[in-house]
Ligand SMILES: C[S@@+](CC[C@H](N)C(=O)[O-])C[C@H]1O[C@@H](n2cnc3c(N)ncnc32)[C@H](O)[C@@H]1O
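Here's a solo chain for you in structure tokens, the form predicted alone.
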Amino acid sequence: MLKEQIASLFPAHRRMRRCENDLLVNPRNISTWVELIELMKSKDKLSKRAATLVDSHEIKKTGHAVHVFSEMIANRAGKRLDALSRSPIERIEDALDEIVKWKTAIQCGHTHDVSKGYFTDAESVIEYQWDNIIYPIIKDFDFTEIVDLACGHGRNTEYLSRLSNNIHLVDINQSCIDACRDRFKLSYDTVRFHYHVTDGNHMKMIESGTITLVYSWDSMVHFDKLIVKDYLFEISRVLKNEGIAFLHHSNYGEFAPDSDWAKNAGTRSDMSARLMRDYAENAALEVVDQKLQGRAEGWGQDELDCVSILRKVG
């Protein structure tokens, strides 16, 4: 019996070593990483959290999104995977996090790129949201220099332009930036607009310490928690001292941690108010306030979302 058990381990062991050797040669091969992840899960060599991620995001040979977007994932995660490939078995959960992070960002961007109807629907409710939910919270903020993060087709920018003379529009989709450029041009009345396409987790095109308000509404709710974590370091970098971030994000991770945004209620990500507090502290941002949102704000489920107000402290 023992011999049979040992023998049954050898094929998987050999495949894992083959994957390890292949990744040393080609560390950006997502299919090889997926094969290794699947093998290690089958042998119970992943933590419970990692196993949940594998299942929820279908990180396996037959997983649709991870393979459809594999080339783009490799491009975005490439440098990180290069480093992890030096010890892929030991660092497999780090690689899994990186793959899931970028799969989510790319899939989310793609969905909003091809679904133009979303922006029409969202435009129809922004006036109510602005008057009744958003502006009462932000009315006393400093609007001198604004970033509209994940700006979409500019429905929020339209209202922000009534408050500021200088707005940076940031989005992962070139189509969204093009739509905003058509809508606002380079200037709109006395407002100057600056247009930036991001890879999905940075604002490196914006100078450090120049922004008074980073604003994101009804977009970050879809961001993977690790994408949010990356952005908080960028927000901390671009904000002036005492600058504010107004961030509308998912709280669904409180109910379903390590879940897939595409399958969740309201396509919400696995982010949460609790994680935002942890991430903000690491990024040297003070949590000024948090407000959970749900049915009263029109989101369909109580405590589905959260608005977090963060401040850059010098």
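All of these numbers come straight from a predicted model, not from anything done at the bench. Don't overthink the numbering: it's just position in the shown sequence, from 1.
As for the form predicted in complex with the ligand, it is not shown, yet the points below apply to it.
Though the partner is left out of this view, residue 161 does not reach within 4.5 Å of the ligand in the predicted complex, counting heavy atoms only. The ligand is not drawn, but in the predicted complex it has no heavy atom within 4.5 Å of residue 77. For residue 108, a non-hydrogen atom is located within 4.5 Å of the ligand in the predicted complex, even though that partner is not displayed.
A residue is said to contact a partner when one of its heavy atoms sits within 4.5 Å of a partner heavy atom; residue 218 meets this definition for the ligand in the predicted complex. Heavy atoms within 4.5 Å of the ligand in the predicted complex map, among the stretches 187 to 195, 151 to 159, 88 to 96, 136 to 144, onto 151 to 159 alone. Although the partner is absent from the chain shown here, none of 246, 273 and 301 has a heavy atom within 4.5 Å of the ligand in the predicted complex. Taking a 4.5 Å heavy atom cutoff to the ligand in the predicted complex, the contacting residues in 163 to 191 are 171, 172, 173, 176.
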